[in-house]
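Below, in structure tokens: the form predicted alone, a single chain.
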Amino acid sequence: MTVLQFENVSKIFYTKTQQTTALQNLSFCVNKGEFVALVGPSGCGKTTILSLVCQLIQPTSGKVTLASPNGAVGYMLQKDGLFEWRTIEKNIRLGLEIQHKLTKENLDFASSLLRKYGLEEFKRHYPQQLSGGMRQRTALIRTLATNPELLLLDEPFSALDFQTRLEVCDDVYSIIKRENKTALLVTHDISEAISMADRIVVLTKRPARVLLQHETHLQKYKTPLERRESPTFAKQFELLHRVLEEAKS
């Protein structure tokens, strides 16, 4: 089943004096249960793609189809976005509050996520009392509490130091897979894309088109850290690095 489909999508932004084409005849899909990464040169339109998925903007031409019956999309940002004056428990309920879905069933589900992923004992703590990794886990659970069909991950590890980044990648990946979620990751980090994604969509410079779709074939490894130790990891990195350098020219 296809959860997200871009069909010949173009997006042009207009001002009084000029127009900028961000995307041009862009086509790709994300299938149910799949983890897809988008990589490309800086400024190529990756954030525009996420905005189109969320229906914050509309395509100039082409079609974006989200197969979820209720259009449920969860968005995990570069920063965790936790409210410092709210407890962890209340932060996790935030999406449900905004969507007016504070039913007993949904609250019980949010509480079960707290227990399942090791935050039960911290539910009355405040964000400043948690490590960077635990804050990101809280942000992910807040997103999952609304039970989205598709998770959008917009460079969610970029603010972390390298060691914490590796640990949080493993953490986030295992939660997404355990909850059987479909995910679309935007990242500038080739290693991160290979270590997490089933398929990598490489974009050209602006206006973005699909230059390459690369299957990682690393599903047999349980964690991103194990994937980095795969015999094919270095070769995949070299290939994608070369393709991205070509994309800039």
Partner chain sequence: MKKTFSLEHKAFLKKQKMHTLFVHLSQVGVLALLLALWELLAHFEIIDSFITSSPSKIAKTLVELVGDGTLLYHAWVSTLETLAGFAIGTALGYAIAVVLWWNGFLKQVFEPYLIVLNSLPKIALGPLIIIWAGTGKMAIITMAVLISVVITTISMLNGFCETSAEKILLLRSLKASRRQIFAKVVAPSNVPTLMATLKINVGMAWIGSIMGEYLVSKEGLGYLLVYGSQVFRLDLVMTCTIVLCVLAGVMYAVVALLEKIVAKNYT
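Since the model is a prediction, treat every value here as computed from it, not as a measurement. Residue numbers count along the first chain shown, from 1.
What follows is about the form predicted together with its partner chain, which we do not show.
> Test of understanding: in the model of the complex, would R115 fall inside 4.5 Å of its partner chain by heavy atoms?
Because no heavy atom of R115 falls inside 4.5 Å of its partner chain in the model of the complex, the answer is no.
> Does at least one non-hydrogen atom of Q55 fall within 4.5 angstroms of its partner chain in the model of the complex?
Although its partner chain is absent here, Q55 would touch it in the model of the complex, with heavy atoms inside 4.5 Å.
> Is there a heavy atom of W85 lying 4.5 Å or less from a heavy atom of its partner chain in the model of the complex?
Within the cut-off, so yes.
> How about I176: is it within 4.5 Å of its partner chain in the model of the complex, going by heavy atoms?
Close contact is absent here: in the model of the complex, I176 is far from its partner chain, nothing within 4.5 Å, heavy atoms only.
> Among 184 to 192, 47 to 55, 199 to 207, 25 to 33, mark the stretch whose residues have heavy atoms within 4.5 Å of its partner chain in the model of the complex.
Comparing against its partner chain in the model of the complex, the contact stretch is 47 to 55.
> Is its partner chain in the model of the complex near all of L218, F233 and H241, within 4.5 Å of a heavy atom of each?
No, none of the three is in contact.
> Heavy atoms within 4.5 Å of its partner chain in the model of the complex is the criterion; list the residues of 75 to 102 that meet it.
The stretch touches the partner through Y75, L77, Q78, K79, G81, L82, F83, E84, W85, R86, L94, G95, E97, I98, Q99, H100.
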